[in-house]
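The chain below stands alone and is given as structure tokens, in the form predicted alone.
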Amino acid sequence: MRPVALTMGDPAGIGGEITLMTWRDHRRNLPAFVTFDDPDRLTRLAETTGITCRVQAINELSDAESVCPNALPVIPLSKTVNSLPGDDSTADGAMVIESIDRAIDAAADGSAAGMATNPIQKSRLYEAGFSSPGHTEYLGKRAGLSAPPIMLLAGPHLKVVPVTIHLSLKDAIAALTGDEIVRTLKTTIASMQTDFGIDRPRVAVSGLNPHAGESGHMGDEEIEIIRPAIEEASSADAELFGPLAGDTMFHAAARETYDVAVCMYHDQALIPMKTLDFDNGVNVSVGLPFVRTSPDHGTAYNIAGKAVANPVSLVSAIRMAAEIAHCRARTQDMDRGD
């Protein structure tokens, strides 16, 4: 079985300790996983935080499955990592980028089932040559995509996709176009089918304005942009409906009517997602040729090194990466008639 490849994330954040906790508490219920990191750093971190976790350096990803039951498998980076928890003053950005790149390579060449990325602090990486706004854009660039991957947030109670992501509300409204809504809808439908095994996904599409514009009385984006995009993206392979009022589409009964909600801007999607599934939410990069998931939280410098961080989102990210890889393989086999 191919392992899931983990990135180091920001070494001053909580990525290292939630990786240690994940191995300590959940390894028996997870697929094999391996992290690209500095083994000595993780050993020191385990000792200083009191997290019981044996660390073992390995050379090949194929060794991870046999090692993982007894120790956390680590493929060493090319240099040591010196950052301390909560202290972002050490220049380890090049190693953070190396960890991401090597996990991408492993996921892309098939030696790993997929990759799960620990949180990064982008401002610390820019001086090391990281030029993308975030993980998602960087992964798309490395994959040679002409447009960034779509961000899908998935939890036990809800799946959401924002059309616009890290923009101010004013800029998000200005950036909202029919073409981008269509691209997001089509990519989301394909992901529901290949990554989650839903043959004919039900996709709820939000409006932009209060009450979905109320027939143009509170804005005309629903009439001029969103509804035409829904019609253009519609096909026999999915059920699309909307635009829906954002304030009534996330209660329990409404959520039973769809498999995924596509929303127009960041908070419209992430507020209900984090309210319902804050600890279990997983960020999935949709539209990549390889599998990538991530915990739905940040570096949390303020609690780094205290062994109080909750690893559940990383646990869910590892499990979901393996499940998506399995679903993709099964879909490909069906397409070939195997």
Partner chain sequence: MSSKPRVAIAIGDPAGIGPEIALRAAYSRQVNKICEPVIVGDVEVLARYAHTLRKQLPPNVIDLGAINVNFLTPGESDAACGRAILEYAGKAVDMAEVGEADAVVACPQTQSSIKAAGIEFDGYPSWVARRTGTDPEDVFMMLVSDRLRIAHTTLHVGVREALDQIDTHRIVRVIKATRTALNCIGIGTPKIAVSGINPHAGECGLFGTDDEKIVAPAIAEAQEIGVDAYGPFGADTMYLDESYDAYVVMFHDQGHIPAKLLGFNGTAAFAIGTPVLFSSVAHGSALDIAGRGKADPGALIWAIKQVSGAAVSAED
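Residue numbers count along the first chain shown, from 1. Not measured: the values here are computed from a predicted model.
This protein has a second form, the form predicted together with its partner chain, left out of what is shown; the following refers to that one.
> Though its partner chain is not shown, can you say which of L145, A254, L169, A91 has a heavy atom within 4.5 Å of it in the predicted bound form?
The option sitting close enough to the partner is L169.
> Among R202, K186, R102, H211, which has at least one heavy atom within 4.5 Å of its partner chain in the predicted bound form?
It is H211.
> Check for me whether its partner chain, as it appears in the predicted bound form, comes within 4.5 angstroms of all of V182, F196 and E224 - heavy atoms only.
No, none of the three is in contact.
> Mark T248 yes when one of its heavy atoms lies within 4.5 Å of a heavy atom of its partner chain in the predicted bound form, and no otherwise.
The answer is yes: T248 has a heavy atom within 4.5 Å of its partner chain.
> Considering non-hydrogen atoms and a 4.5 Å limit, does its partner chain approach R27 in the predicted bound form?
Because no heavy atom of R27 falls inside 4.5 Å of its partner chain in the predicted bound form, the answer is no.
> Using heavy atoms and a 4.5 Å limit, would one call T275 a contact residue for its partner chain in the predicted bound form?
Residue-level check for T275: yes, a contact with its partner chain.
> Would V308 sit within 4.5 Å of its partner chain in the predicted bound form, counting heavy atoms only?
It does not: once its partner chain is placed as it appears in the predicted bound form, V308 has no heavy atom within 4.5 Å of it.
> Looking at 109-117, 233-241, 188-196, 169-177, which lies within 4.5 angstroms of its partner chain in the predicted bound form, counting heavy atoms?
Going by heavy atoms within 4.5 Å, the stretch is 169-177.
> Going by heavy atoms, what in 264-298 lies within 4.5 angstroms of its partner chain in the predicted bound form?
Residues within 4.5 Å: Y265, H266, D267, Q268, L270, I271, P272, K274, T275, L276, F278.
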